[in-house]
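First comes one chain, alone, set out as structure tokens in the form predicted on its own.
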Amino acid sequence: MPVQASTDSPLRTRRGDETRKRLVTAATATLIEQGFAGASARVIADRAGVNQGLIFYHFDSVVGLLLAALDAVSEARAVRYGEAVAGVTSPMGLVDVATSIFEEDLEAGHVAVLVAMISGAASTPGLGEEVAKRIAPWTAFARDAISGALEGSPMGSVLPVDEVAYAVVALYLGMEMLTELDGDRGPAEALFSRAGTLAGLLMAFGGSAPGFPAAEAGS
């Protein structure tokens, strides 16, 4: 006698997906508000309105859920960053985009998720490597964005793009984390302003990209 497929399989799958989303959303909010130390199975499950056993059913562990939350935030920001840098063809344009996104990240609490996970890595074996894996793609993203902004510019053949991209990611993350910790945006805003001035000088002295004549660098 042939085995019939379960008629509730699509429903169960949909419910499972909804539960996973609720748990990821709850984990993200908990990391932002209470940090890694406060992100327990009970707290997250209560916020999501589900049994905490479902965390282990869907993610194997609380750490697995927290990494899924970091992944969700990273994926959403990757889309936003990609949209923001699309069509940017000058160093000054890149600085403007970075300044805007920096503010967005702080306002939405995205940085707090990363800060919480990095702090948790100090006491959780193996977590540091997993967080580092999730930061690595941002270096590649920065490299592509910088290369695009310097394409056709004399600076593009002089600057070591890979090293610059690494430095940019390290600086950007460092600024976000420090600003998240002390709440003072002044130093970061001043640094972005300085970066904009430097980008303008690079464009004015031979660093302009196609479509951005040096004469327009200060406009």
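Numbering starts at 1 and runs along the sequence shown. If you superpose the two forms and keep the largest set of C-alpha atoms that fall within 1.5 Å, you have the rigid core. Please read these numbers as outputs of a predicted model, since none were measured by experiment.
Same protein, other form: the form predicted in complex with another copy of the chain, not shown, and the subject of what follows.
Name the stretch: of 119 to 127, 76 to 84, 143 to 151, 95 to 103, exactly one has residues whose heavy atoms fall within 4.5 Å of another copy of the chain in the model of the complex.
The contacting stretch here is 119 to 127.
Each of 159, 163 and 166 within 4.5 Å of another copy of the chain in the model of the complex, by any heavy atom, yes or no?
Every residue of the candidate spot has a heavy atom within 4.5 Å of another copy of the chain in the model of the complex.
Taking the shortest heavy atom distance, is residue 33 within 4.5 Å of another copy of the chain in the model of the complex?
Yes.
Does another copy of the chain come within 4.5 Å of any heavy atom of residue 194 in the model of the complex?
Taking the distances in the model of the complex, the answer for residue 194 is yes, it comes within 4.5 Å of another copy of the chain.
Contact with another copy of the chain in the model of the complex for residue 62, defined as at least one heavy atom pair within 4.5 Å: yes or no?
No, no contact at 4.5 Å.
My question is simply whether residue 108 lines the interface with another copy of the chain in the model of the complex - judged by any non-hydrogen atom within 4.5 Å.
Residue-level check for residue 108: no, no contact with another copy of the chain.
Quick one: from 67, 50, 43, 173, grab the residue that has a heavy atom within 4.5 Å of another copy of the chain in the model of the complex.
In short, 173.
Sequence order please: the residues of 170 to 191 with a heavy atom within 4.5 Å of another copy of the chain in the model of the complex.
Heavy-atom contacts within 4.5 Å come from 170, 171, 173, 174, 175, 177, 178, 179, 180, 181, 187, 188, 190, 191.
Residue 142: after superposing the rigid core, is there a C-alpha shift of 2 Å or more between the shown form and the other one?
Residue 142: C-alpha displaced by 2 Å or more between the shown form and the other one.
Would you tell me if residue 188 moves between the shown form and the other one by 2 Å or more at its C-alpha, with the rigid core held superposed?
Moves: yes, 2 Å or greater.
Tell me, please, whether between the shown form and the other one the C-alpha of residue 175 is shifted by 2 Å or more, with the rigid core used for superposition.
Yes, shifts by 2 Å or more.
Shorter or longer C-alpha distance for residue 85 and residue 172 in the model of the complex, given it differs from this form by 3 Å or more?
Their C-alpha distance grows by at least 3 Å in the model of the complex.
Since the Cα separation of residue 179 and residue 82 moves by 3 Å or more in the model of the complex, tell me which way: closer or farther than here.
Farther is correct, given that in the model of the complex the C-alpha spacing of residue 179 to residue 82 is increased by at least 3 Å.
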